[in-house]
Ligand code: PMP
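First comes one chain, alone, set out as C-alpha cells in the form predicted on its own.
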C-alpha cells in the first residue's frame, strides 16, 4: 500500500497564501520555514501565536537568541527608552552612552581574569562575523594562518567559519576529534575517550611529521549545539587550555549559543574554570536583536586601524536590549535557575528513555538539551559508546517527532550529524509548569511518531 506524506498543519486560506508566497519568493536555502510551517503574529515569553490562532510553546527561542523569551518587558522598555530619547540609531563604531553601558555590563559578567585585561571588538550583526573577526585577530597576532577545530563543530556560514565547521573551503583547518560518550570516535567513551582525544591533539601538534603546521588558534564550543548537543567534558576542556597555553596557541571559545546563562553558568567555560584567550559572543547578548562581539586578551590587540570593520557594528537598539538582558539574567540568577530546571528536565527525559528504545541518548547542560533518536531494530554500528555498540541514528523518526510536536503546540529543532537529535532551547524564563508541559508534549509526540507509517517510508541511508 502506498504511503502518503503526513498532512501539514491546517491553516486558514489567507495564511496558507503567505506560506505559499514565501515558498515561491524565498531561496531554496531556507531552513526553519520548511519544517515549521507556521506564521507567527504575536509572541510573549515562551508562547507564540500563529496566524491560524494556534498557540505554541517555543523551544527554539530564535536558535538560542531569546534568553528572556519573546518581548520581555525589560527588553521592550530598554528599546523604547533609546527610541524616545532621540539618540542616533546608527553610529558605526563611535562611542555612545548606550554602548558604554552595554560594554560595562558585559565586562561585569566575564571571567574576572579575562575582564581585567580585555579588549572588545564590535563586529557585524551575526555570530559568524565575530568568528571571522576572531580568526583575523589571532592570525595577525601570531603571524600564523592555520587553525584547529573539532568534528561536529558549527561556527557559522562565512568561508572561515564553514571551514572550521567541516565545510570545504580554501581555509587551512585541521579538525580534531571531539569527545562524547554516545558516539565516541575512539569507541570507548567516558574519561578514557576524552583522554585519547587530548593525546591525539598533543601528538598532532608535537610530531614534526604530522603534517600539521603550528596553528594560530584552536576554536571550540563548550557545548556543541548544531552538532547534536554534545557537552565538552570539563577535564578535557582544561587539557585543551593547557595544551594551547604550553604551545603558544590562542584558545577561542565560541559561546554564541552557550552564553548568557544557557548552560547553568553565565558563560559555559565557567563549568571547567578555564579562561580562553578569545570569546566569540552573539545571539542572546543582543536581547533578541542582531549583535556580535569578540572579547580577547589585550596582548592580542595588534590590529591596525580598520583591520576589521563593519557598517552595522554599532546597533544601538541591540546594545540597549542586550545590556538589559545581561543585567536581568545576572540579577535574577537565571543561569543557576537554568542549571536546576535543566537537570530536572534531563532526569524526566532519561526516565522516558527507559520505556522507549528509540531514544538512544539524552544529554545536555542547563537548558540546552538533546535527545538522539535511533533505530533499535537496525544492525548496531561499530562500538562507539561507553557501554557498547550504538544503533544507527534515525533522522526519519526525528523528522516525524518534530511534526508531531508541532501538532501538539510545541516547537523544537533538529540537529546532529544526521539531523536525528531533537533539540530543546527554551528561554531561561521557563516556568516549572511550562517545563513539565514541554516534556509531556514531547513524550506524546514520540509515542505517536513511533507508530507512524511515515517513519519507514521516509527512512534513508544513515551510515
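Positions refer to the first chain, counted from 1. Keep in mind that this is a model prediction, so the values were computed, not measured.
This next part talks about the form predicted together with the named molecule, which is not shown.
Figure note: of the listed segments 90-98, 339-347, 219-227, 134-142, the one touching the named molecule in the predicted complex, with heavy atoms no more than 4.5 Å away, is 219-227. Heavy atoms of residue 180 never reach within 4.5 Å of the named molecule in the predicted complex, leaving it off the interface. Contact check for residue 365: every heavy atom lies farther than 4.5 Å from the named molecule in the predicted complex. Contact annotation for residue 126: at least one heavy atom lies within 4.5 Å of the named molecule in the predicted complex. Interface residue remark: residue 256 is counted as part of the site for the named molecule in the predicted complex, having a heavy atom within 4.5 Å. Screening 328, 267, 154, 236 for any heavy atom within 4.5 Å of the named molecule in the predicted complex leaves a single hit, 154.
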